[in-house]
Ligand SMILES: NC(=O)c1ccc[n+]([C@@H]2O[C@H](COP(=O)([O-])OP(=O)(O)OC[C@H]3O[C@@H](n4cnc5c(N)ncnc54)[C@H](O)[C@@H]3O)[C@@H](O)[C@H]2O)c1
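Heads up, the chain below is alone and in the form predicted on its own; it's given as structure tokens.
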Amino acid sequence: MGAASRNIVLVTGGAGFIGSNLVERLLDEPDTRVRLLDNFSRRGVMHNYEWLRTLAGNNRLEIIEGDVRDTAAVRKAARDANEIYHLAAQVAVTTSVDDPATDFEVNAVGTFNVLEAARLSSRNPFVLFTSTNKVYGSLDGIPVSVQGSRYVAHRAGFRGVTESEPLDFHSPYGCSKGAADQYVRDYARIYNLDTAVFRMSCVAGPRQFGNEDQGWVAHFLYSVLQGRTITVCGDGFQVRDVLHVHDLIDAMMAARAVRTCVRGEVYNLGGGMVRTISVIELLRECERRTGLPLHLDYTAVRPGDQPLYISSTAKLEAHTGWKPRRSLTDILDSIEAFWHENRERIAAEPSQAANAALLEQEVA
């Protein structure tokens, strides 16, 4: 197949945790050319970039250093794309509170730039946007109580949060991502673009560097392995459902396969009821599997934090046939294996300037 007839896929934030796993999957398709747009500001992205350059099919990988806030750069990157996976984001609630302007520019304006680039390209690309469970706020409408080492929900027939849960943006991050996912939904209705929104719970797995604000499963396991003190916000009974990143990529591929069916739809996505764990349960599991002691420092719960969030994935399963396959044990096994293979890189925390310098050396 000639280059002109190949499927061209744009992945914004493609050197990040989810992005690099998605790019790996796309490069398995011999007739797909992948265009990666990333500003290389996040921790671990240079390591992921270097890894992607070693994969089979890397001759079909185009890497662009650019920012989704740059309208011209986004339009150029999207000009001939048949599919766009918009993953680039400011991802931390705490950062959004400290700097709401940048959070809005990256998440809301950046997403608007991607949508406009898709609309103006005349290619009618499939656009998948990764949103967040934070659009549902603190979920005050789901009463909880403590049972053992976790919160449990007291809502009749509760099988996870559905897409009909009222939106309640409770932080600058929730506002920016929520506004963005409503734009993505509306561009399907107004401009007939094939768009879909994944409102994601906790995603974990290999290529995740993890910190307190994002990637908490990896952050906890890495911290225990390195003997670091872990800050626990609140009582530690907060519950999340956890999804392996490869199951997320499977869901993306399932959605693209039925792109007209999912057009304009919003889906909650996570590990569901059978892959739930509380903060303290995860910490105890990290202690058990490593044989190392926990060093914990408790602090106040964060404003707007959800004591319990579990995704109902029934809608996505019904529309695409997708189901998660990997267990919580699989998730922790893959993270621990990644740490053992890359412990020196995980321990290092290069700055944005250092990342930019490394990238300049790589492409020179």
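Heads up: residue numbers just count along the shown sequence, starting at 1. The model shown is predicted, which means the values in this text are computed figures rather than measured ones.
As for the form predicted together with the ligand, it is not shown, yet the points below apply to it.
A.B. asks: Tell me, which of Gln238, Thr276, Ser176, Thr130 has a heavy atom within 4.5 angstroms of the ligand in the model of the complex?
C.D. replies: Of the candidates Gln238, Thr276, Ser176, Thr130, Thr130 is the one lying within 4.5 Å of the ligand in the model of the complex.
A.B. asks: Go through Ala81, Leu115, Ala89, Val93 and name the one with a heavy atom inside 4.5 Å of the ligand in the model of the complex.
C.D. replies: It is Ala89 that has a heavy atom within 4.5 Å of the partner.
A.B. asks: Residue-level question: is Val106 within 4.5 Å of the ligand in the model of the complex, judged on heavy atoms?
C.D. replies: Val106: contacts the ligand in the model of the complex.
A.B. asks: Would you check, heavy atoms only and a 4.5 Å threshold, whether Gln214 touches the ligand in the model of the complex?
C.D. replies: Yes - in the model of the complex, heavy atoms of Gln214 and the ligand come within 4.5 Å of each other.
A.B. asks: Could you confirm whether Val23 comes within 4.5 Å of the ligand in the model of the complex, counting heavy atoms only?
C.D. replies: Contact with the ligand, no.
A.B. asks: Whether Asp67 contacts the ligand in the model of the complex should be assessed with a 4.5 Å heavy atom distance threshold; does it?
C.D. replies: Residue-level check for Asp67: yes, a contact with the ligand.
A.B. asks: The ligand isn't shown here, but in the model of the complex, which of 307-315, 321-329, 25-33, 42-50 has heavy atoms within 4.5 Å of it?
C.D. replies: Residues of 42-50 come within 4.5 Å of the partner.
A.B. asks: If you check in the model of the complex, do Ile18, Asp38 and Gln208 all have a non-hydrogen atom within 4.5 Å of the ligand?
C.D. replies: Per the other structure, all of Ile18, Asp38 and Gln208 touch the ligand.
A.B. asks: Within 177-204, which residues have a heavy atom closer than or equal to 4.5 Å from the ligand in the model of the complex?
C.D. replies: Read in sequence order, the residues that approach the ligand (within 4.5 Å, in the model of the complex) are Lys177, Met200, Ser201, Cys202, Val203.
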